[in-house]
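Here you get one chain, nothing else, as C-alpha coordinates; it is the form predicted on its own.
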Amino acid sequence: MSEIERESMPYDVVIVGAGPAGLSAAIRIKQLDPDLDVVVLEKGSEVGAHILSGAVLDPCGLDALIPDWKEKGAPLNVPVKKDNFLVLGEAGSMRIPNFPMPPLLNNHGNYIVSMGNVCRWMAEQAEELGVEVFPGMACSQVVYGDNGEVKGVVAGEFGLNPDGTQGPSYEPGMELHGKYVLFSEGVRGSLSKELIAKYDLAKDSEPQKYGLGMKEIWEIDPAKHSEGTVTHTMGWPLGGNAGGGSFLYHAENNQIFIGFVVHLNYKNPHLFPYMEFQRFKQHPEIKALLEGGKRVAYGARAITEGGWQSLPKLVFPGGALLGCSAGMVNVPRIKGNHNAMLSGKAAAEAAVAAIKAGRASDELSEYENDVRTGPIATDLKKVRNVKPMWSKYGLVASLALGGIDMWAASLMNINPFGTWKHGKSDAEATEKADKHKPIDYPKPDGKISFDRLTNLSFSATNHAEEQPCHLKLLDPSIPIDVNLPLYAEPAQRYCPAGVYEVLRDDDGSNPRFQINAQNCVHCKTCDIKDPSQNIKWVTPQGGEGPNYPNM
(Lines give C-alpha, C1' and ligand atoms only; values in the text may rest on other atoms or scores of the structure.)
Protein backbone atom coordinates (compact mmCIF):
# COMPACT_ATOMS: atom_id res chain seq x y z
CA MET A 1 0.00 0.00 0.00
CA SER A 2 3.07 2.25 -0.07
CA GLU A 3 1.99 3.75 -3.43
CA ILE A 4 -1.11 5.32 -1.87
CA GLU A 5 -0.87 9.08 -1.57
CA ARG A 6 -2.26 10.45 1.67
CA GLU A 7 -2.65 13.88 3.11
CA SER A 8 -0.74 14.50 6.32
CA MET A 9 -1.41 16.60 9.39
CA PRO A 10 1.35 17.72 11.75
CA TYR A 11 0.97 17.64 15.53
CA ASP A 12 3.37 18.03 18.38
CA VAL A 13 2.24 14.74 19.93
CA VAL A 14 0.11 11.96 18.42
CA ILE A 15 -1.47 9.48 20.86
CA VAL A 16 -2.83 6.11 19.75
CA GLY A 17 -5.65 4.90 22.01
CA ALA A 18 -8.12 6.73 24.25
CA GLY A 19 -7.77 4.51 27.29
CA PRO A 20 -6.57 5.72 30.70
CA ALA A 21 -2.91 5.89 29.59
CA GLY A 22 -3.45 7.81 26.38
CA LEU A 23 -5.94 10.26 27.85
CA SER A 24 -3.69 10.88 30.86
CA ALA A 25 -0.83 11.72 28.52
CA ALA A 26 -3.00 14.10 26.52
CA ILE A 27 -4.31 15.88 29.62
CA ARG A 28 -0.86 16.24 31.16
CA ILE A 29 0.66 17.65 27.97
CA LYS A 30 -1.97 20.36 27.83
CA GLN A 31 -1.61 21.09 31.54
CA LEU A 32 2.10 21.72 31.00
CA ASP A 33 1.87 23.61 27.70
CA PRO A 34 -1.57 24.64 26.37
CA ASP A 35 0.00 25.72 23.08
CA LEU A 36 1.10 22.23 22.03
CA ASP A 37 -1.06 20.46 19.45
CA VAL A 38 -2.19 17.04 20.68
CA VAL A 39 -4.43 14.46 19.01
CA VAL A 40 -5.82 11.21 20.45
CA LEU A 41 -6.95 8.52 17.98
CA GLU A 42 -9.40 5.87 19.22
CA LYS A 43 -10.44 2.80 17.18
CA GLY A 44 -13.71 2.31 19.07
CA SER A 45 -16.92 3.93 17.85
CA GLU A 46 -16.71 6.23 20.86
CA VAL A 47 -14.35 6.67 23.78
CA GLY A 48 -15.05 3.78 26.15
CA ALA A 49 -16.73 1.56 23.54
CA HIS A 50 -13.99 -1.07 23.87
CA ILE A 51 -13.74 -0.86 27.67
CA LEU A 52 -16.26 -3.11 29.41
CA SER A 53 -17.43 -1.62 32.69
CA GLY A 54 -16.19 -2.99 35.95
CA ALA A 55 -12.94 -2.41 37.80
CA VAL A 56 -11.57 -1.48 41.18
CA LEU A 57 -9.59 1.71 40.65
CA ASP A 58 -6.72 2.84 42.84
CA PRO A 59 -7.12 6.64 42.52
CA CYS A 60 -3.40 7.38 42.96
CA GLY A 61 -2.98 7.96 39.22
CA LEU A 62 -5.97 10.26 39.07
CA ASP A 63 -4.79 12.05 42.22
CA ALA A 64 -1.47 12.80 40.51
CA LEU A 65 -3.07 13.88 37.25
CA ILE A 66 -6.19 15.80 38.32
CA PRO A 67 -6.04 16.39 42.08
CA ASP A 68 -9.49 18.01 42.13
CA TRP A 69 -11.19 15.16 40.29
CA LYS A 70 -13.97 14.96 42.87
CA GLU A 71 -14.91 18.58 42.33
CA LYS A 72 -14.78 18.04 38.56
CA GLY A 73 -17.32 15.23 38.77
CA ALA A 74 -15.21 12.16 38.04
CA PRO A 75 -17.49 9.07 38.08
CA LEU A 76 -15.90 7.45 41.14
CA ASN A 77 -19.08 6.99 43.11
CA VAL A 78 -18.68 3.69 44.96
CA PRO A 79 -15.86 3.46 47.53
CA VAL A 80 -14.86 -0.06 48.50
CA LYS A 81 -16.38 -0.90 51.85
CA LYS A 82 -15.60 -4.60 52.24
CA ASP A 83 -12.98 -7.03 50.93
CA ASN A 84 -13.58 -10.79 50.67
CA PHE A 85 -10.99 -13.39 49.65
CA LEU A 86 -12.42 -16.87 49.08
CA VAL A 87 -10.97 -20.23 48.11
CA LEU A 88 -13.74 -22.19 46.43
CA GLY A 89 -14.47 -25.89 46.50
CA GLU A 90 -17.13 -27.44 44.33
CA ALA A 91 -19.82 -27.13 46.97
CA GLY A 92 -18.54 -24.49 49.40
CA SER A 93 -15.86 -21.96 50.18
CA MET A 94 -13.28 -20.98 52.75
CA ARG A 95 -12.70 -17.32 53.49
CA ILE A 96 -9.13 -16.16 53.95
CA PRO A 97 -9.06 -13.60 56.78
CA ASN A 98 -7.94 -10.13 55.80
CA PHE A 99 -5.30 -9.72 58.52
CA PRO A 100 -2.66 -12.09 57.02
CA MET A 101 -3.04 -10.51 53.59
CA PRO A 102 -0.21 -8.15 52.58
CA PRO A 103 -1.32 -4.52 52.95
CA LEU A 104 -0.93 -3.84 49.24
CA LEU A 105 -3.95 -6.11 48.65
CA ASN A 106 -6.19 -3.95 50.83
CA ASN A 107 -8.77 -2.09 48.75
CA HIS A 108 -9.48 0.57 51.36
CA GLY A 109 -9.49 3.93 49.57
CA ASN A 110 -10.21 2.39 46.16
CA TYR A 111 -13.38 2.70 44.09
CA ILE A 112 -15.59 0.35 42.11
CA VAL A 113 -15.97 2.06 38.75
CA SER A 114 -17.00 1.73 35.15
CA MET A 115 -13.69 2.38 33.39
CA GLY A 116 -15.65 3.12 30.23
CA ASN A 117 -17.33 6.00 32.04
CA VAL A 118 -14.06 7.10 33.63
CA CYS A 119 -12.46 7.29 30.18
CA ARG A 120 -15.43 9.19 28.78
CA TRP A 121 -15.04 11.70 31.59
CA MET A 122 -11.29 11.92 31.00
CA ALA A 123 -11.92 12.57 27.31
CA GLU A 124 -14.16 15.49 28.30
CA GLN A 125 -11.38 16.89 30.48
CA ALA A 126 -8.91 16.52 27.62
CA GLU A 127 -11.17 18.24 25.11
CA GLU A 128 -11.79 21.13 27.50
CA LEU A 129 -8.01 21.64 27.52
CA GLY A 130 -7.90 21.70 23.73
CA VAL A 131 -6.98 18.10 22.92
CA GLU A 132 -8.44 16.76 19.67
CA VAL A 133 -10.05 13.37 20.35
CA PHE A 134 -11.11 11.35 17.28
CA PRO A 135 -13.06 8.11 17.92
CA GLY A 136 -13.72 5.67 15.09
CA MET A 137 -10.20 6.29 13.78
CA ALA A 138 -8.29 3.02 13.82
CA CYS A 139 -4.54 3.34 13.33
CA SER A 140 -3.58 0.74 10.77
CA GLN A 141 0.07 1.53 10.04
CA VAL A 142 3.13 3.10 11.61
CA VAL A 143 4.78 5.79 9.48
CA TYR A 144 8.57 5.71 9.67
CA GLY A 145 10.99 8.51 8.83
CA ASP A 146 14.08 8.38 6.66
CA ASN A 147 16.29 7.34 9.59
CA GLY A 148 14.02 4.58 10.86
CA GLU A 149 12.37 6.72 13.52
CA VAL A 150 8.61 6.68 14.17
CA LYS A 151 7.17 9.67 12.36
CA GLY A 152 3.44 9.10 12.77
CA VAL A 153 0.56 6.74 12.02
CA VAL A 154 -2.01 6.15 9.32
CA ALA A 155 -5.56 6.53 10.63
CA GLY A 156 -9.01 6.42 9.11
CA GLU A 157 -8.49 4.07 6.17
CA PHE A 158 -11.88 2.72 5.05
CA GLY A 159 -13.46 0.90 2.15
CA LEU A 160 -11.06 -1.95 1.42
CA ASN A 161 -12.49 -5.05 -0.22
CA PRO A 162 -12.15 -8.45 1.51
CA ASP A 163 -9.11 -9.20 -0.66
CA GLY A 164 -7.42 -5.96 0.41
CA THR A 165 -8.00 -4.07 -2.82
CA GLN A 166 -9.63 -0.67 -2.89
CA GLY A 167 -13.43 -0.73 -3.00
CA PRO A 168 -15.71 1.85 -4.63
CA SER A 169 -15.99 3.86 -1.42
CA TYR A 170 -12.30 3.62 -0.53
CA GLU A 171 -10.86 6.35 1.70
CA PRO A 172 -7.08 6.25 2.10
CA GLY A 173 -7.03 7.82 5.53
CA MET A 174 -4.50 10.36 6.69
CA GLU A 175 -0.99 10.35 8.01
CA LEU A 176 -0.82 12.08 11.38
CA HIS A 177 2.74 13.11 12.11
CA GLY A 178 4.12 14.00 15.52
CA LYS A 179 7.38 15.04 17.07
CA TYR A 180 6.57 12.11 19.35
CA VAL A 181 4.01 9.31 18.97
CA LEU A 182 2.74 7.62 22.13
CA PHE A 183 1.19 4.16 21.82
CA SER A 184 -1.50 3.29 24.37
CA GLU A 185 -3.33 0.57 22.45
CA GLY A 186 -3.86 -1.70 25.44
CA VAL A 187 -2.90 -5.35 25.60
CA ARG A 188 -1.14 -6.84 22.56
CA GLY A 189 -1.86 -3.87 20.32
CA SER A 190 -0.95 -4.61 16.72
CA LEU A 191 1.22 -1.53 16.23
CA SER A 192 2.89 -1.93 19.63
CA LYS A 193 3.68 -5.55 18.77
CA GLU A 194 5.27 -4.37 15.51
CA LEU A 195 7.36 -1.78 17.32
CA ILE A 196 8.54 -4.22 19.99
CA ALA A 197 9.76 -6.52 17.22
CA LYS A 198 11.25 -3.80 14.98
CA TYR A 199 13.31 -2.19 17.72
CA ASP A 200 13.93 -5.45 19.65
CA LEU A 201 12.51 -3.82 22.77
CA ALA A 202 11.95 -7.13 24.60
CA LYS A 203 15.47 -8.52 24.19
CA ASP A 204 16.41 -7.96 27.84
CA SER A 205 13.08 -8.90 29.42
CA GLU A 206 11.22 -12.10 30.22
CA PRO A 207 8.46 -13.27 27.85
CA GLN A 208 5.24 -11.37 28.41
CA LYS A 209 2.56 -13.45 30.13
CA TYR A 210 -1.18 -13.08 29.75
CA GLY A 211 -4.53 -14.00 31.17
CA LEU A 212 -7.93 -14.07 29.52
CA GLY A 213 -10.45 -11.99 31.43
CA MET A 214 -14.16 -12.55 30.74
CA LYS A 215 -16.76 -10.32 32.31
CA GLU A 216 -20.52 -9.98 32.63
CA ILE A 217 -22.57 -7.16 34.07
CA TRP A 218 -25.65 -8.24 36.00
CA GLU A 219 -28.55 -6.43 37.57
CA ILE A 220 -29.45 -8.42 40.68
CA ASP A 221 -32.15 -8.55 43.31
CA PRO A 222 -31.72 -5.41 45.50
CA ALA A 223 -32.05 -7.60 48.59
CA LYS A 224 -28.83 -9.41 47.57
CA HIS A 225 -26.91 -6.30 46.59
CA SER A 226 -24.16 -4.94 48.84
CA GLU A 227 -22.79 -1.77 47.27
CA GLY A 228 -19.05 -1.40 47.77
CA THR A 229 -18.31 -5.09 48.39
CA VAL A 230 -15.37 -6.64 46.55
CA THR A 231 -14.93 -10.42 46.39
CA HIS A 232 -12.08 -12.35 44.81
CA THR A 233 -12.02 -16.14 44.54
CA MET A 234 -9.47 -18.82 43.66
CA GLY A 235 -9.62 -22.58 43.34
CA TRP A 236 -12.70 -24.25 41.85
CA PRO A 237 -13.49 -24.83 39.03
CA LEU A 238 -9.96 -24.50 37.61
CA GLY A 239 -8.18 -26.57 40.24
CA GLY A 240 -4.90 -27.84 38.82
CA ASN A 241 -5.94 -27.34 35.19
CA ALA A 242 -4.97 -23.67 35.08
CA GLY A 243 -4.18 -20.66 37.20
CA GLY A 244 -6.75 -17.94 37.60
CA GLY A 245 -9.76 -16.89 39.63
CA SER A 246 -12.73 -14.59 39.75
CA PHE A 247 -13.74 -11.11 40.81
CA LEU A 248 -17.15 -9.85 41.83
CA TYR A 249 -17.75 -6.15 42.45
CA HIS A 250 -20.99 -4.68 43.80
CA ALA A 251 -21.39 -1.39 41.94
CA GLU A 252 -24.19 1.17 42.08
CA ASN A 253 -27.78 0.73 40.83
CA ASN A 254 -27.98 -2.91 41.98
CA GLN A 255 -25.37 -3.92 39.42
CA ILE A 256 -22.52 -6.33 39.89
CA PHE A 257 -19.47 -6.79 37.70
CA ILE A 258 -18.64 -10.50 37.66
CA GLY A 259 -15.56 -11.75 35.90
CA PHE A 260 -13.28 -14.73 35.54
CA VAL A 261 -9.58 -14.80 34.62
CA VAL A 262 -7.77 -17.81 33.21
CA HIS A 263 -3.99 -17.60 32.97
CA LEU A 264 -3.07 -18.43 29.39
CA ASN A 265 -0.07 -20.58 30.28
CA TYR A 266 -2.34 -23.59 30.80
CA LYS A 267 -1.04 -26.88 29.38
CA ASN A 268 -4.19 -28.80 28.46
CA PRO A 269 -5.40 -27.71 24.99
CA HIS A 270 -8.81 -29.18 25.81
CA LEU A 271 -9.37 -26.48 28.42
CA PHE A 272 -12.29 -24.19 27.52
CA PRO A 273 -11.84 -20.90 29.41
CA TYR A 274 -15.27 -19.53 28.55
CA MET A 275 -16.98 -22.67 29.83
CA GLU A 276 -14.89 -22.54 33.02
CA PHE A 277 -16.38 -19.07 33.57
CA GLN A 278 -19.90 -20.35 32.99
CA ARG A 279 -19.28 -23.32 35.28
CA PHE A 280 -17.96 -20.98 37.99
CA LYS A 281 -21.29 -19.16 38.06
CA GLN A 282 -23.00 -22.44 38.98
CA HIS A 283 -21.16 -22.55 42.30
CA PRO A 284 -23.87 -22.55 44.99
CA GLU A 285 -22.80 -19.22 46.49
CA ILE A 286 -22.45 -17.45 43.16
CA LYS A 287 -25.63 -18.95 41.71
CA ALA A 288 -27.64 -17.84 44.75
CA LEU A 289 -26.47 -14.26 44.19
CA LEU A 290 -27.39 -14.26 40.50
CA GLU A 291 -30.76 -16.00 40.70
CA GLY A 292 -33.58 -13.57 40.05
CA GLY A 293 -31.22 -11.17 38.26
CA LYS A 294 -30.41 -10.59 34.62
CA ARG A 295 -27.21 -10.32 32.63
CA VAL A 296 -27.01 -7.03 30.73
CA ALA A 297 -23.55 -7.11 29.11
CA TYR A 298 -20.70 -9.46 28.24
CA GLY A 299 -17.16 -8.99 27.02
CA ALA A 300 -13.63 -10.32 27.16
CA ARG A 301 -10.10 -8.98 27.02
CA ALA A 302 -6.59 -10.33 27.46
CA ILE A 303 -4.67 -9.06 30.48
CA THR A 304 -0.91 -8.56 30.71
CA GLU A 305 0.44 -10.59 33.62
CA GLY A 306 4.21 -10.66 33.17
CA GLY A 307 4.77 -7.73 35.49
CA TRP A 308 8.11 -6.17 36.29
CA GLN A 309 10.44 -8.69 34.67
CA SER A 310 8.42 -8.71 31.42
CA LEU A 311 8.44 -4.95 30.83
CA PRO A 312 10.15 -4.30 27.50
CA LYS A 313 12.21 -1.24 26.81
CA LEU A 314 9.58 1.49 26.66
CA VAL A 315 11.11 4.01 24.28
CA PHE A 316 12.35 4.05 20.69
CA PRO A 317 13.21 6.83 18.24
CA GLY A 318 10.13 9.00 18.01
CA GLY A 319 7.86 7.42 20.56
CA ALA A 320 7.04 5.31 23.60
CA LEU A 321 4.81 2.51 24.88
CA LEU A 322 2.33 3.37 27.62
CA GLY A 323 0.27 1.33 30.07
CA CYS A 324 -0.84 -2.12 28.96
CA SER A 325 0.90 -1.74 25.62
CA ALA A 326 4.00 -2.39 27.73
CA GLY A 327 2.35 -4.48 30.47
CA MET A 328 1.92 -2.62 33.76
CA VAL A 329 -0.77 -4.70 35.50
CA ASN A 330 -0.26 -5.60 39.14
CA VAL A 331 -1.48 -9.21 38.96
CA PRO A 332 -2.36 -10.00 42.61
CA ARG A 333 -4.17 -6.66 42.90
CA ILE A 334 -5.87 -7.19 39.50
CA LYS A 335 -5.21 -3.53 38.82
CA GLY A 336 -3.44 -1.71 36.03
CA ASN A 337 -5.43 1.45 35.38
CA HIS A 338 -3.55 3.45 38.02
CA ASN A 339 -0.20 2.53 36.46
CA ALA A 340 -1.56 3.30 33.01
CA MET A 341 -2.45 6.81 34.19
CA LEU A 342 0.93 7.27 35.86
CA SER A 343 2.73 6.11 32.71
CA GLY A 344 0.74 8.54 30.58
CA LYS A 345 1.60 11.37 32.93
CA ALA A 346 5.30 10.46 32.95
CA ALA A 347 5.47 10.13 29.14
CA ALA A 348 3.76 13.50 28.74
CA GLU A 349 6.22 15.22 31.04
CA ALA A 350 9.15 13.72 29.15
CA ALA A 351 7.70 14.70 25.78
CA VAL A 352 6.94 18.29 26.79
CA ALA A 353 10.44 18.75 28.26
CA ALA A 354 11.97 17.36 25.07
CA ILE A 355 9.92 19.60 22.79
CA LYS A 356 10.74 22.67 24.88
CA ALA A 357 14.41 21.76 24.52
CA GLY A 358 14.02 21.69 20.75
CA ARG A 359 14.17 17.93 20.44
CA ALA A 360 12.01 15.65 18.28
CA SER A 361 11.87 12.03 17.12
CA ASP A 362 14.51 10.80 19.58
CA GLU A 363 14.21 8.49 22.58
CA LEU A 364 12.39 9.82 25.64
CA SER A 365 14.86 8.31 28.08
CA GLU A 366 13.44 10.46 30.90
CA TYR A 367 10.17 8.53 30.60
CA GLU A 368 11.95 5.19 30.76
CA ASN A 369 13.82 6.32 33.85
CA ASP A 370 10.64 7.53 35.55
CA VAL A 371 8.93 4.16 35.05
CA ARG A 372 11.99 2.18 36.15
CA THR A 373 12.56 4.19 39.33
CA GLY A 374 9.24 5.84 40.21
CA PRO A 375 5.86 4.77 41.61
CA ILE A 376 5.17 2.23 38.84
CA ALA A 377 8.38 0.40 39.70
CA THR A 378 7.52 0.51 43.40
CA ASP A 379 4.12 -1.03 42.67
CA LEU A 380 5.30 -3.78 40.32
CA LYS A 381 8.51 -4.83 42.06
CA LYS A 382 6.66 -5.81 45.23
CA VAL A 383 4.60 -8.43 43.41
CA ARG A 384 7.04 -9.54 40.74
CA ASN A 385 7.29 -13.16 41.92
CA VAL A 386 3.59 -13.95 42.49
CA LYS A 387 2.84 -14.95 38.90
CA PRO A 388 5.93 -17.15 38.28
CA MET A 389 5.48 -18.80 41.70
CA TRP A 390 1.87 -19.63 40.86
CA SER A 391 2.88 -20.99 37.47
CA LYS A 392 5.60 -23.21 38.95
CA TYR A 393 4.07 -24.44 42.21
CA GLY A 394 0.31 -23.98 41.92
CA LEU A 395 -2.22 -22.16 44.07
CA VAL A 396 -1.53 -23.33 47.62
CA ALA A 397 2.27 -23.05 47.58
CA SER A 398 2.16 -19.75 45.75
CA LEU A 399 -0.19 -18.29 48.36
CA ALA A 400 2.39 -19.04 51.05
CA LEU A 401 5.53 -18.11 49.14
CA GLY A 402 3.92 -15.13 47.41
CA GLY A 403 2.56 -13.89 50.72
CA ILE A 404 6.01 -14.00 52.32
CA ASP A 405 7.53 -12.24 49.32
CA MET A 406 4.90 -9.47 49.30
CA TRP A 407 5.07 -8.95 53.07
CA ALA A 408 8.86 -8.61 52.93
CA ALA A 409 8.61 -6.20 50.01
CA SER A 410 6.01 -4.14 51.86
CA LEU A 411 7.83 -4.02 55.21
CA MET A 412 11.50 -4.09 54.21
CA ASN A 413 11.44 -3.16 50.52
CA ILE A 414 13.14 -6.41 49.56
CA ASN A 415 12.08 -9.53 47.69
CA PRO A 416 13.75 -12.35 49.64
CA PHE A 417 13.37 -14.76 46.73
CA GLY A 418 15.04 -12.45 44.23
CA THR A 419 13.42 -12.17 40.82
CA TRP A 420 11.92 -15.32 39.34
CA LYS A 421 11.78 -15.97 35.62
CA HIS A 422 8.68 -16.82 33.62
CA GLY A 423 10.33 -19.15 31.13
CA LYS A 424 8.08 -20.22 28.28
CA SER A 425 5.64 -18.04 26.43
CA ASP A 426 1.96 -18.90 26.85
CA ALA A 427 1.88 -20.40 23.35
CA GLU A 428 4.87 -22.62 24.13
CA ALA A 429 3.21 -23.80 27.36
CA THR A 430 0.48 -25.58 25.39
CA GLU A 431 1.08 -29.34 25.38
CA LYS A 432 -0.01 -31.99 22.88
CA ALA A 433 -3.62 -33.09 23.12
CA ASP A 434 -2.76 -36.77 23.58
CA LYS A 435 -1.09 -35.95 26.90
CA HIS A 436 -4.38 -34.73 28.36
CA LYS A 437 -7.96 -35.87 28.69
CA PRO A 438 -10.83 -33.88 27.17
CA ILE A 439 -12.89 -31.98 29.74
CA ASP A 440 -16.64 -32.53 29.91
CA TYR A 441 -18.43 -29.24 30.50
CA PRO A 442 -22.09 -29.00 31.58
CA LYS A 443 -24.49 -27.53 29.07
CA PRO A 444 -25.39 -23.88 29.85
CA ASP A 445 -28.83 -23.54 31.41
CA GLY A 446 -29.71 -20.24 29.72
CA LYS A 447 -30.45 -18.58 33.06
CA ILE A 448 -27.15 -18.42 34.97
CA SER A 449 -24.81 -19.80 32.33
CA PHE A 450 -24.98 -19.09 28.61
CA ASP A 451 -23.53 -20.34 25.35
CA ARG A 452 -20.94 -18.13 23.70
CA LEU A 453 -23.01 -16.83 20.81
CA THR A 454 -25.94 -15.90 23.04
CA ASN A 455 -23.61 -14.04 25.36
CA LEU A 456 -21.83 -12.42 22.43
CA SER A 457 -25.06 -10.63 21.49
CA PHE A 458 -24.70 -8.71 24.77
CA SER A 459 -21.40 -7.18 23.62
CA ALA A 460 -22.96 -5.29 20.68
CA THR A 461 -20.08 -6.50 18.52
CA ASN A 462 -20.21 -5.60 14.86
CA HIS A 463 -17.85 -5.87 11.91
CA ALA A 464 -18.64 -5.02 8.31
CA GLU A 465 -18.39 -8.28 6.35
CA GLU A 466 -17.10 -6.59 3.18
CA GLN A 467 -13.80 -5.52 4.78
CA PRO A 468 -10.61 -7.63 4.92
CA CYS A 469 -10.50 -10.19 7.70
CA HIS A 470 -8.49 -8.71 10.58
CA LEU A 471 -7.47 -12.18 11.81
CA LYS A 472 -4.60 -13.22 9.56
CA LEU A 473 -3.33 -16.79 9.16
CA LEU A 474 0.37 -16.71 8.37
CA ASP A 475 -0.03 -20.21 6.89
CA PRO A 476 -3.64 -21.23 6.10
CA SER A 477 -2.75 -24.94 6.21
CA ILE A 478 -1.57 -24.99 9.83
CA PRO A 479 -4.96 -25.10 11.65
CA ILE A 480 -5.97 -28.39 9.99
CA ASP A 481 -2.59 -29.93 9.18
CA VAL A 482 -0.80 -29.12 12.45
CA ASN A 483 -3.00 -27.73 15.21
CA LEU A 484 -5.88 -30.18 14.73
CA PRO A 485 -3.91 -33.45 14.93
CA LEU A 486 -1.43 -32.24 17.54
CA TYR A 487 -3.49 -29.91 19.75
CA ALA A 488 -7.13 -30.71 18.87
CA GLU A 489 -7.17 -27.17 17.39
CA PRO A 490 -7.53 -25.19 20.64
CA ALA A 491 -8.72 -22.04 18.83
CA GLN A 492 -12.17 -23.64 18.97
CA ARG A 493 -12.02 -23.30 22.75
CA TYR A 494 -9.68 -20.51 23.82
CA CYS A 495 -11.60 -17.86 21.87
CA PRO A 496 -14.32 -16.39 24.14
CA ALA A 497 -16.44 -15.26 21.17
CA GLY A 498 -16.73 -18.33 18.95
CA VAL A 499 -14.63 -16.84 16.16
CA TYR A 500 -12.91 -20.11 15.19
CA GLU A 501 -14.58 -23.35 14.12
CA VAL A 502 -13.54 -26.65 12.61
CA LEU A 503 -16.29 -27.64 10.20
CA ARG A 504 -16.77 -31.17 8.80
CA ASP A 505 -19.03 -32.98 6.40
CA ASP A 506 -21.97 -34.94 7.79
CA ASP A 507 -19.86 -38.10 8.02
CA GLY A 508 -17.14 -36.28 10.00
CA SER A 509 -14.70 -36.08 7.12
CA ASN A 510 -13.10 -33.15 5.33
CA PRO A 511 -12.23 -30.89 8.28
CA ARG A 512 -11.84 -27.23 7.41
CA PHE A 513 -11.05 -24.13 9.45
CA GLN A 514 -13.53 -21.26 9.54
CA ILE A 515 -12.94 -17.76 10.91
CA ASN A 516 -16.07 -15.87 11.96
CA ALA A 517 -14.31 -12.53 12.20
CA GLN A 518 -17.56 -10.64 12.76
CA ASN A 519 -17.74 -12.23 16.24
CA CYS A 520 -14.38 -10.87 17.41
CA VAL A 521 -14.38 -8.82 20.64
CA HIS A 522 -10.72 -7.83 20.15
CA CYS A 523 -9.45 -9.78 23.16
CA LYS A 524 -6.25 -10.83 21.26
CA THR A 525 -6.22 -14.31 22.87
CA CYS A 526 -5.71 -16.00 19.50
CA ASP A 527 -2.64 -13.87 18.81
CA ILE A 528 -1.25 -14.95 22.18
CA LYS A 529 -2.26 -18.59 22.73
CA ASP A 530 -2.13 -20.22 19.29
CA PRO A 531 0.52 -22.94 19.79
CA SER A 532 1.90 -22.44 16.27
CA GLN A 533 1.83 -18.63 16.55
CA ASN A 534 0.05 -18.64 13.22
CA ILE A 535 -2.71 -16.10 13.94
CA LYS A 536 -1.96 -12.39 13.70
CA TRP A 537 -4.55 -9.91 15.00
CA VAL A 538 -4.54 -6.56 13.20
CA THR A 539 -6.82 -3.63 13.79
CA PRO A 540 -9.99 -3.58 11.66
CA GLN A 541 -11.63 -0.43 10.36
CA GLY A 542 -12.42 2.24 12.92
CA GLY A 543 -15.57 1.82 14.98
CA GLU A 544 -15.61 -1.96 14.45
CA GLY A 545 -15.74 -4.49 17.27
CA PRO A 546 -17.61 -4.35 20.55
CA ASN A 547 -19.72 -1.40 21.61
CA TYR A 548 -19.92 -1.92 25.33
CA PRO A 549 -22.79 -0.12 27.03
CA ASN A 550 -22.51 3.16 28.88
CA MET A 551 -23.46 1.72 32.28
Ligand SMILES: Cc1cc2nc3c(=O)[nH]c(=O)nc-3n(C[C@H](O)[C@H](O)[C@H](O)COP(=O)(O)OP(=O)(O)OC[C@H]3O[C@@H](n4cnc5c(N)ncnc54)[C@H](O)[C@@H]3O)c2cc1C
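When you see a residue number, it is the position in the sequence shown, counting from 1. Just so it is clear, the structure is predicted and the values come from calculations on it, not from any experiment.
Although it is not shown, the form predicted together with the named molecule is what the next lines describe.
Student: Verify the contact flag for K335: yes if a non-hydrogen atom of it lies within 4.5 Å of a non-hydrogen atom of the named molecule in the predicted bound form, no if not.
Tutor: Yes - in the predicted bound form, heavy atoms of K335 and the named molecule come within 4.5 Å of each other.
Student: Although the named molecule is absent from this view, report whether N483 comes within 4.5 Å of it in the predicted bound form, heavy atoms only.
Tutor: Output for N483 is no: heavy atoms all beyond 4.5 Å of the named molecule.
Student: With heavy atoms only and a cut-off of 4.5 Å, decide whether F458 touches the named molecule in the predicted bound form.
Tutor: Looking in the predicted bound form, residue contacts with the named molecule do not include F458, since no heavy atom lies within 4.5 Å.
Student: Mark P479 yes when one of its heavy atoms lies within 4.5 Å of a heavy atom of the named molecule in the predicted bound form, and no otherwise.
Tutor: Judged by the heavy-atom cut-off of 4.5 Å, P479 is well away from the named molecule in the predicted bound form.
Student: Considering non-hydrogen atoms and a 4.5 Å limit, which listed residue (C139, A123, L238, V386) is close to the named molecule in the predicted bound form?
Tutor: Selected residue: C139.
Student: Of the residues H283, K209, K382, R301, which one places a heavy atom within 4.5 Å of the named molecule in the predicted bound form?
Tutor: The residue from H283, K209, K382, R301 that makes the contact is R301.
Student: Does every residue of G17, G213 and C324 put a non-hydrogen atom within 4.5 angstroms of the named molecule in the predicted bound form?
Tutor: Contact check passed for all of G17, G213 and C324.
Student: Work out which of the listed stretches, 44-52, 66-74, 508-516, 495-503, brings a heavy atom within 4.5 angstroms of the named molecule in the predicted bound form.
Tutor: Stretch 44-52 is the one.
Student: Pick out the residues of 189-208 whose heavy atoms come within 4.5 Å of the named molecule in the predicted bound form.
Tutor: Counting only heavy atoms within 4.5 Å of the named molecule in the predicted bound form, the contacting residues of 189-208 are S190, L191.
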